[in-house]
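Just the one chain here, the form predicted on its own, laid out as structure tokens.
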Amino acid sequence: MASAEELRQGAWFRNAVFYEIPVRSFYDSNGDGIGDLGGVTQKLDYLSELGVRAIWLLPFYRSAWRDEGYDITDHYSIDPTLGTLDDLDRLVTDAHAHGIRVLGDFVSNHVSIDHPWFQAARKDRGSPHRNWFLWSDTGKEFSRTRIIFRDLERSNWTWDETAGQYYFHRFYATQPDLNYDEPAVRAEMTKIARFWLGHGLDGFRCDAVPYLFKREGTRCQSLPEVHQFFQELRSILDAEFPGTVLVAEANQSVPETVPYFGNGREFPIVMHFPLMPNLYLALGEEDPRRIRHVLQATLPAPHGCGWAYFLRNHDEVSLEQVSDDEREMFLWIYGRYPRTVLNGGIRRRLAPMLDGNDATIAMMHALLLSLPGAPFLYYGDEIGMGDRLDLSDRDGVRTPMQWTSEENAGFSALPVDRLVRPPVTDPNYGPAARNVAEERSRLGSLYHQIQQLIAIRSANVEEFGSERLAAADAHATSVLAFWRDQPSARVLCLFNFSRATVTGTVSIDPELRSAPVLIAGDGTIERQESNLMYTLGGRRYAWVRFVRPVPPLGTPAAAPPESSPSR
């Protein structure tokens, strides 16, 4: 179990709710139709009120903006459409004053085709930057490497007339991969990390970490060299910027994902891609058994580490970690609308995927917030924002944040044709139906339900901050049940994945002699000796707290469980 000191320092993320912000889509503070760093600063009161304790900013560096900032043209400057270094410094200072930490996005795998490094490399084979990229005369190397954007790219190699060779890219052809076998590349990326942490960032979400190194005859992912690089980077950052965190985006199978913790020496937080699609499949099947299986395979994380859980983010719902049959079922349930499927996944927001049902959305957030690790919310999900399938690529889930029911959702005062993207127009999910002002004003709204869940989680930090999760038998096939605990109390978490009301029982440890208290949810509970009787409505949940008896004065404290040393 994480100590109070760990929660304040290196393991602070165990009691933090993270909130992902595409800066360009959040709030326009200077009237140019584009969200900016100043806009995030102006909305810190809102984020603090919601209970957010850390924000992850999508790339704010100078960019060609062909891929939401992930195509960087200068790693050391803020894109002028988003602000200045002073604006970032002000945001970080004000966020810290609100008790909110700030994470950047560490885009280490590739750069923009317009980056000066690549421009120098393509023009001159003798350039010092030539070896910073991967070149080929045939474009046939690394043939086992999967094409990630399979709907948009036909190969991982693209011919460049100026260079007279093919160059390698895992993502878009406008994003050439860096060559991490070149020591200067590794040194430069470490320098970049130091630069931004020196401006007060509290860490990074690290993009596409499995793909940095390439080896012929392999799938070019999760190679040993990847782990070595990030372990070296982690040791440098721990020494120079203690308390900062690295979050790994490693969309891999469970056996490939777990090693990114490095037994506590690599990433303190790893994004849990294997769980995410199974949450939706469990809803479709009205049976959470697959969630139990995934959690059993991945918990507990190494001491001092934790998983990052999420329902949605700025990309499509990835289905890379499910079987072909599961993918077919997922697409049948959630991908039946035109233009929904992209790169084998679903480019939809949470609320439309769940048919706008606030009870289901709240239950899924309750599950997210009850797992051991770090919950990540996607901007606008707390108000049930929708999407725009008429926009290209993944832009449909990156529309302007809906602050009010006014024109342009209160995002900007400019006409809609001058905005970075148009707002949602669907009457069920657009600003007229779903906006911050209305949700905050209405008791019992989705916003207030999620705000209350975050507050209750924060008030029970020792239980929910614990690394431990113990499965419980709810004696109902549609109910997921588990215990979160600490020495003086336990919380039983129940989630009914069925649309029908369910009644069942859970066995109670005899040492839990106190009466059960429903701290969140709207089920009914009753203790009967060594059993808890419960009733949950369809797609409803309950958090039930039991207090352990306090030992008499002078009773020796129980020895703590053995665990690996914290970092």
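Numbers follow the displayed sequence, beginning with 1. No experiment lies behind these values; they were computed from the predicted model shown.
As for the form predicted in complex with a small molecule, it is not shown, yet the points below apply to it.
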Select, from the options 23 to 31, 531 to 539, 63 to 71, 511 to 519, the stretch whose residues sit within 4.5 angstroms of the small molecule in the predicted bound form by heavy atom distance. 63 to 71
Tell me, out of His115, Arg434, Arg205, Arg349, which residue has a non-hydrogen atom within 4.5 angstroms of the small molecule in the predicted bound form. Arg205
Only one of Asn278, Ser466, Gln221, Gln175 has a non-hydrogen atom within 4.5 angstroms of the small molecule in the predicted bound form; which is it? Gln175
Since only the chain is shown here, I'm wondering whether Phe171 would be in contact with the small molecule in the predicted bound form (any heavy atom pair within 4.5 Å). yes
Whether Phe149 contacts the small molecule in the predicted bound form should be assessed with a 4.5 Å heavy atom distance threshold; does it? yes
The small molecule contact at Arg398 in the predicted bound form, heavy atom, 4.5 Å: yes
At 4.5 Å between heavy atoms, is Arg290 in contact with the small molecule in the predicted bound form? no
